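Below sits a lone chain in structure tokens, taken as the form predicted on its own.
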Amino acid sequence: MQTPNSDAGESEGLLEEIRGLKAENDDQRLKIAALERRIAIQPQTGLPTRYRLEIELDELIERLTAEGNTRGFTLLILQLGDDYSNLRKTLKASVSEWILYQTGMRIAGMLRPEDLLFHTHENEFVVALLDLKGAELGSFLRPFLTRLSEAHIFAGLNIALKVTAGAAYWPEHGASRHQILQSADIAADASRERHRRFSLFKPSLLARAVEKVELQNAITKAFENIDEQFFLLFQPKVFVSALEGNRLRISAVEAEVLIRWKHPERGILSPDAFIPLAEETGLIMPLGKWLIYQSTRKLVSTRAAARVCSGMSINLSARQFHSDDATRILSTALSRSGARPGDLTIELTETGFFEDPVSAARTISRFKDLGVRISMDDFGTGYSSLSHLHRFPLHEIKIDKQFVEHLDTSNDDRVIVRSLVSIATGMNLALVAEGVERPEAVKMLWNMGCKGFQGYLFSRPLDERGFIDFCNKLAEAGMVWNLAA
């Protein structure tokens, strides 16, 4: 039989255990609250995260549906472009964090009290604009996007970043949170891919997104039979030693290797249709390796059959160029094929060089040690990079075709081309003008000092046999090209 004292002692023990459990529970609640704050607020900007977006967007849709609100809202996705990624690589973290904060504050400063703002990814912000669509949305976006593209001034730096936007209407473009986010995201992707400031969702964009997924699946499957589905074409590059009236004296002929995809259903696809997909899926690395091995083999066989072919150039993606394996793959391909390194030129776009100049300089140095030549493609499209050009031991630069197409009618293009010719001449680099289609363009470029030409005036891309025939016919004509023919 228990005594009153023993009952009291047991009760006190139970109370102590309850207090302990309550303290543990309170501690767990505090920890959960702290974790929720961490996942609910972006530390760089202090703005709500995607975690909060999903909660608040559901609440907003539920409230507007209950109210019978027919105006709804516009969901706007804002993305900082590649310039921001490059900024993060080249400047201190404090600079990129400060720009994110300033961007968030600029957005918040232009919104109304009823609008919602979220910082969902490091380079992405999402805004819900209530009762704002059509012409009213356009009137809001013009000054809004202009303000976001204005330069950030920080510690002597003047940094302007491109901001692209995609939008979708609720409920027209999606009744649920998932649907409206998907529609806005598709529109944002369209802006980024088409280099536009703004895109509004429409069904054709959805169809294009579905087609993109189908192509991604198809290109993955194509790698099971890579030699059957991918093939190479060769576009001549001619180098001129003299212009005599309408007659060009050709001193050398090379070929740029171009890759094509023989899609089983859609036919022949150009690189613009599948290289971005290969980049996104990571397949650009094995595809680039295949391109290098095939090109070096073709270089040997073509030089043996074409009497005047003096070399080939191949395009590498920036991702492959900056990879640790690039030099090893190139060295192995040259060794196995027996190709002479000096007959091979590696082409990389100007943006590919300057997105990571330190890595590019290191890779180019390794390529130079192998004996291959280096060409900067699409030269002239990134004037901010000219001051760094001396870092790279280049052999050749190629003038982007956008400056060649309207050379006879655009004084601005003529000024740019003269400047590029002057740079190439001063640095003792070979210069090739791309997109040459008319005799007048050849004469103007020659008179400016350009001696290398590539374009449909001379030839479209050819298969291997066609390129060999092109070279041999030119040799039979005494290396003379008649512009009047």
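Counting begins at 1, following the sequence as shown. The structure presented is a predicted model; accordingly, all values stated were derived computationally and were not measured.
Keep in mind that the form predicted together with a small molecule is not shown, yet the notes after this line are about it.
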{"item": "Contact label in the predicted complex: E254 to the small molecule, heavy atom within 4.5 Å", "value": "no"}
{"item": "Partner contact for E350 in the predicted complex: the small molecule, 4.5 angstroms, heavy atom", "value": "no"}
{"item": "Heavy atom of M376 within 4.5 Å of the small molecule in the predicted complex", "value": "no"}
{"item": "L258: touches the small molecule in the predicted complex, heavy atom cutoff 4.5 angstroms", "value": "yes"}
{"item": "Location of the small molecule contact in the predicted complex, chosen stretch of 239 to 247, 136 to 144, 317 to 325, 152 to 160 [non-hydrogen atom, 4.5 Å]", "value": "317 to 325"}
{"item": "Contact residue in the predicted complex, from Q235, T103, S337, S199 (heavy atom within 4.5 Å of the small molecule)", "value": "Q235"}
{"item": "Residue (of D272, E265, E211, D227) lying close to the small molecule in the predicted complex, criterion heavy atoms within 4.5 Å", "value": "D272"}
